[in-house]
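To begin, one chain is listed below as structure tokens, in the form predicted alone.
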Amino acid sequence: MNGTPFAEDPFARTPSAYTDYRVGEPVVDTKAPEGPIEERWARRRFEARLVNPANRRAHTVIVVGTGLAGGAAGATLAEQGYRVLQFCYQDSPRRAHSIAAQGGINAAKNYRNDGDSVRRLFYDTVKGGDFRARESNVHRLAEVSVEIIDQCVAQGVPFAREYGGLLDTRSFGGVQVSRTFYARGQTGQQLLLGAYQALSRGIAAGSVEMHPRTEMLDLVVVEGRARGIVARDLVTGRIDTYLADAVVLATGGYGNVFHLSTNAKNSNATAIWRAHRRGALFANPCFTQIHPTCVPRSGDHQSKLTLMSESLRNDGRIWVPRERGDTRAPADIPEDERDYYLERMYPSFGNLVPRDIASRAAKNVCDEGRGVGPGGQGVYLDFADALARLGRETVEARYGNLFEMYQRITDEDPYRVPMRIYPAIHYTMGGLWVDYDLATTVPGLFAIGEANFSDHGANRLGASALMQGLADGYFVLPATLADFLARHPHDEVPRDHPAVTDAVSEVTDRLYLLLSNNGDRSPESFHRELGQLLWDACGMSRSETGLRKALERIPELRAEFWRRVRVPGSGKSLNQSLEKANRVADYLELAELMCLDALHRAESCGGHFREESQTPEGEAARRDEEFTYAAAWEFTGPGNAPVLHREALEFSHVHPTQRSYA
């Protein structure tokens, strides 16, 4: 960007479909250590330069986001002595979307003595990601997992315990051990409250300056280095710049680009997309996760979907009628006329296969005409056997709040009738490209948690998001950020620096354009149309034909948005329509890159299922000889085709094979 007013931005105003792209130089992770994989994280920490405790208070770090990754990072950096400027658009840090996580958090503690280990967690995660993640990063995640539980217990997180007082665990999809620690169906909430109380200590001590109800709208890059952000106070409309020595994005994923997802309605992609436009590579944007256990949509009026925890698959059995068009009530369908299709197809893992496999299987049986509920878009998750085996009291202790939530949404009692579930957008494995230090390609800009791409490949295993967020925030970033600050002395950036004033001008011009457009369609209507288009073309199943059609339509829809969008009110006060329109404008750009990435990756892997690349059994067929790489995309200016930079992935410890859960 060169300071040109956004109103003249051809990428915003005119169709600019690109079904072609340029290939640039490979991108290389230069921070990953050599040597035995078990020693790499220890070696990196030892080789990292340190900041003297007395000098830390001279450094200011911006952290955007207060979920598990952001809250943990802000609390830890403040405890170390840095001055932290922390931002969230919610009215309180504890309302970050991490609070909605239900099922649990993985850690290789092996409390059950069932064969778990750091090595096995590493193996399961690489395999579960369909061999599209970095081995070094995943092994570090598995190592750090055991420390996370100790940290959280010390904070007072009320994990479930066995009769003898030890921490209890349960199983999640894609594994054959019980390594998931949980707090009933509220694990995310309890973990976030632990991080929030640690962050609150920093706020009270004055080492964290908290800015709630404030949304980042752009990144300030000075002489090639991230030095701050432009943000808007959502209550007063005031636009300010905040300057620092480094910027950390912990803003979550971009699943809401699909309109209907399990994400909080205000979760958005603006922070990472603005960073991408400022020079940060965006990796694997087509790798999105569809969660198999969500409450089915009930009509076109819906604005979001609700997750039912994967933990329910420990005791619930998934089935559909054997015959097409069977509309009988579930209690009227005899056992021998039911198809427990996951148990039949994948006997070794049963109902606990990975999410991508369970989601595609549900779609397939519904496409065959055997789905249940309105429109046949659902399958049963039945607890009759668990209730008979364990009793209602035990089932209620494990899942009571989830059952209550389901009943409130559907007015159906899951203790009496099976739940109805169907896959929905839940998580994004893609994100800003980062190296082993969690640093993006813009010096001084770091991305942690779901905002980066690094740990999950093409499919995330259940209960691993909380693990990654806390690993990045509590343990990884504090070590690697210190190394950056120690190696890169800085001068203070004046507020009238041209890069700062240009960034502010571009933000204000963009908001003015939205407010003055005076069109005839709401931002919500464009978001809904884009979401349906993206779900059809780049959702559970993708094809070359569908993706090319989407790449033709999205630029047309984007041009129509800038002609016809109407945003009432002003920018000088609370204006949720303006917030929505600004986010949808970014979605209309991001969606195009997602479809291009999906089109170029002519293989199936994990959550990315290309119809042209499948086995005779209908499973994902990878093409390792062509696509064993992370696709990192460079923004080259408005209206220009992006540049693809490939990061080759090497597998020395977990060798790629055709995934089998049979």
Partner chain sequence: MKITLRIWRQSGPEDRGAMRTYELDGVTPEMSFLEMLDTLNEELIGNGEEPVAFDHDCREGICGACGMVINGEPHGPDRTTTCQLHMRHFDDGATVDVEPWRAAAFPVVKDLVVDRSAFDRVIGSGGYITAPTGSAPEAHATPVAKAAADTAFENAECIGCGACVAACPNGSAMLFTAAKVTHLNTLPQGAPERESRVLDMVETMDAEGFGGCTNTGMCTSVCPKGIPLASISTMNREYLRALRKG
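This structure is a prediction, so every number in the text was calculated from the model and none was measured. Numbering follows the first chain given and starts at 1. The term rigid core refers to the most C-alpha atoms you can superpose between the two forms while keeping them within 1.5 Å.
Quick note: we don't show the form predicted in complex with its partner chain, though the next part is all about it.
J.: Pick from 556, 496, 385, 150: which has a non-hydrogen atom within 4.5 Å of its partner chain in the predicted complex?
T.: For this set of options, the contacting one is 150.
J.: Taking its partner chain in the predicted complex as the reference, which of 390, 100, 417, 333 has a non-hydrogen atom within 4.5 Å?
T.: Partner contact (heavy atom, 4.5 Å) among the options: 100.
J.: Where does its partner chain sit in the predicted complex: which of 163 to 171, 218 to 226, 506 to 514, 334 to 342, heavy atoms within 4.5 Å?
T.: Selected range: 163 to 171.
J.: Can you tell me if residue 91 lies within 4.5 angstroms of its partner chain in the predicted complex, counting non-hydrogen atoms only?
T.: Yes, residue 91 is a contact residue.
J.: Taking heavy atoms and a 4.5 Å cut-off, does residue 397 contact its partner chain in the predicted complex?
T.: Output for residue 397 is no: heavy atoms all beyond 4.5 Å of its partner chain.
J.: Test of understanding: in the predicted complex, would residue 582 fall inside 4.5 Å of its partner chain by heavy atoms?
T.: Contact with its partner chain, no.
J.: Using 4.5 Å between non-hydrogen atoms, is residue 488 touching its partner chain in the predicted complex?
T.: No, residue 488 is distant from the partner.
J.: For the stretch 502 to 535, which residues lie within 4.5 Å of its partner chain in the predicted complex by non-hydrogen atom distance?
T.: Heavy-atom contacts to its partner chain in the predicted complex: 522, 524, 525.
J.: Quick one: once the rigid core is lined up, does residue 206 have its C-alpha move by 2 Å or more between the shown form and the other one?
T.: Result for residue 206: no, shift under 2 Å.
J.: Please determine whether the C-alpha atom of residue 266 is displaced by 2 Å or more between the shown form and the other one following superposition on the rigid core.
T.: No.
J.: Please determine whether the C-alpha atom of residue 402 is displaced by 2 Å or more between the shown form and the other one following superposition on the rigid core.
T.: Shift of 2 Å or more: yes.
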